[in-house]
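This document starts with one chain, in the form predicted on its own, laid out as structure tokens.
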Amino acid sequence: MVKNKVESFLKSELKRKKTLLFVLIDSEASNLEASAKLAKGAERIGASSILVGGSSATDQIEMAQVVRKIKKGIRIPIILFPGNVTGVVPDADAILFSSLMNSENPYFITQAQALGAPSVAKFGLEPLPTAYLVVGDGTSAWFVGSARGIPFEKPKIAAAYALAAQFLGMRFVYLEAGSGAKTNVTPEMVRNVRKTFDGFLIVGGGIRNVKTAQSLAKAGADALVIGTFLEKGGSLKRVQEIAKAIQRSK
């Protein structure tokens, strides 16, 4: 296996598309057939990766089945997005090996990672070292991860965490407003993080339209994650419009 294959792919995609689209599939929110259909549709409209997981996904067997089913129908990489050790399953291409840096529970900063690392190695998953930062409160990611949510109006705090992540050797930062967030991470916060963090910047939560997506792309996001919008019946056509818009932004 080529070292850092998925990471290299994402970087090469960035050179072509400027800002990437990731589609998140919650393995507990849709059945196998629906997940496979969504993944195929996402690839068709220009998504660069499928994320599988979520902060409240706990059924490891079900998640493994979803990954296996999706894998058969797409060529873009499947990246695990675990909320806990139950999110580490075989057959995916890579994993956001994340530390929830602003959690008040040490378990989500280093202990879950230590428990999950042997499985990551056993399954041959490519680890993408990621600082996971929860912005705001009241979402599943905030509740499950015992996060001390970064206030939306305090972008310099997010930038400080991102810089610390870089000094710790992490190559990815994920700014997360949370699943079903009423509002999105602000472009100002993305700009502040982009000024300090020299790595791959992912932004997710509350992204539902072209205008919001473009503002985040222009602010410096490398990839935008859309999940809940599709889970709640949002159309792939709308997401395709977003994908096209952000590929022209920056």
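From 1 onward, residues are counted along the sequence shown. All figures in this text were calculated on a predicted structure; none of them were measured in a lab.
The discussion below concerns the form predicted in complex with a small molecule, not included here.
Using a 4.5 angstroms threshold between heavy atoms, I226 counts as touching the small molecule in the predicted complex. Residue contact with the small molecule in the predicted complex: G178 places a heavy atom within 4.5 Å of it. Of the heavy atoms in L24, some are within 4.5 Å of the small molecule in the predicted complex. In the predicted complex, G206 approaches the small molecule with a heavy atom inside 4.5 Å. Of the stretches 94-102, 67-75, 170-178, 109-117, only 170-178 has residues with a heavy atom within 4.5 Å of the small molecule in the predicted complex.
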